[in-house]
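Given next, in structure tokens, is a single chain: the form predicted alone.
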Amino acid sequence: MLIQLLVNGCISGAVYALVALGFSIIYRSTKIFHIAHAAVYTAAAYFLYMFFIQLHLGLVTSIVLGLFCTGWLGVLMEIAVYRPLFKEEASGSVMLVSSIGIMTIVVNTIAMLWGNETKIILSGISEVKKFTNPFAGADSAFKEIILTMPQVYQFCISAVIILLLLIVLSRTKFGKKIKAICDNDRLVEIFGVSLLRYRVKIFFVGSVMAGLGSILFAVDVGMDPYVGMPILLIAAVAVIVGGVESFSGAVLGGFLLGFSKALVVWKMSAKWENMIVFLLLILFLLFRPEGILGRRKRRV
């Protein structure tokens, strides 16, 4: 049972890492605690629902169109709300309140258009795959690990996209400019980088990452207008636990939370699994605020 739960935790952790990486890109680059990332996450699932269920397009086509719309929703938030505040040099608290306002508007609009009830993308029973458990004995009752096909897709797609994005961020000129913006956005402009243009790209990429995580979960378990905030909290905690200054830290934090929630389900109950998220947050803030991959700074 433990192995089965850990595998499930790894799969969930991959999606958490995907959303956390998108949140980290936006937060590190713009210094905005992007609460509206939760609304972007929610909207992605409903874009998929609209294209696939209501407009009867193919699943792959619906996913691509849903991610495209999700990316531009994030860009619209940047252009319509954050950019004017950025030009006025608004404080972080003003940005935070504005982000909460955006999230409230988007979530309530979704609830008004599609209702509050849970929506299902794929009806029926999902195909099940059985894998041999390498840690089980010959007479063990748990010789096999059982996964649904949506779970297999969740892990494989999340892992590939995360790996590709980390390579892009570390090896390409685009990634190096993003890291430069994270370090000092004002100084970057002196070297000819259009900060406003790159902020658009940052919001598009970060929103697509959240959208992909949302779609992967929605295909498996469905969605309602309020699914975004719990995932946002997990993503934010993953960024803090892994290390705010590291994109890889956000990924590591996502997987750590996935495993931790699985262990809580094994030892206690599923109703306590969210407790471990905030317990880890408190422990890291108290004893290692820089996160797992963060560098300890000398106090002056």
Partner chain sequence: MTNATNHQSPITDHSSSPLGPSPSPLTRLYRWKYSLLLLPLLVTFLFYIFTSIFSAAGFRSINYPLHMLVMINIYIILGFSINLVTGYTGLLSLGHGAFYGISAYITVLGLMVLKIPFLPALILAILFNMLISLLVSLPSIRLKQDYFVLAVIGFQMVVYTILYNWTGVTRGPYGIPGIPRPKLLGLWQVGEVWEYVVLSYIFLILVFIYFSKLDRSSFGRVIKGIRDDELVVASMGRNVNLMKVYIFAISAGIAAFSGALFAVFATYIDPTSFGLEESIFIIMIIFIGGSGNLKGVFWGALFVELLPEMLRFLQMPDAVAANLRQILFGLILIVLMRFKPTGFAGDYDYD
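All values derive from a computational prediction rather than experimental measurement. Numbering follows the first chain given and starts at 1.
This protein has a second form, the form predicted together with the partner chain, left out of what is shown; the following refers to that one.
Checked against the partner chain in the predicted complex, the residues 174, 204, 155, 226 give one hit for a heavy atom within 4.5 Å, which is 226. The partner is absent here, but in the predicted complex a heavy atom of 105, alone among 193, 76, 180, 105, sits within 4.5 Å of the partner chain. Of the candidate stretches 146 to 154, 161 to 169, 111 to 119, 209 to 217, only 111 to 119 contains residues with a heavy atom within 4.5 Å of the partner chain in the predicted complex.
The candidate spot formed by 85, 88 and 285 is fully in contact with the partner chain in the predicted complex: every one of the three has a heavy atom within 4.5 Å.
Using a 4.5 angstroms limit between non-hydrogen atoms, residue 56 is distant from the partner chain in the predicted complex. Contact annotation: residue 200 falls outside 4.5 Å of the partner chain in the predicted complex, judged by heavy atom distances.
Although the partner is absent from this view, residue 266 stays clear of the partner chain in the predicted complex, with no non-hydrogen atom inside 4.5 angstroms. Mapping the unseen interface onto this chain, residue 51 falls outside it, with no heavy atom inside 4.5 Å of the partner chain in the predicted complex. Applying a 4.5 Å heavy atom cutoff to the partner chain in the predicted complex picks out 271, 272, 275, 278, 281, 282, 285 from 268 to 285, in order along the sequence.
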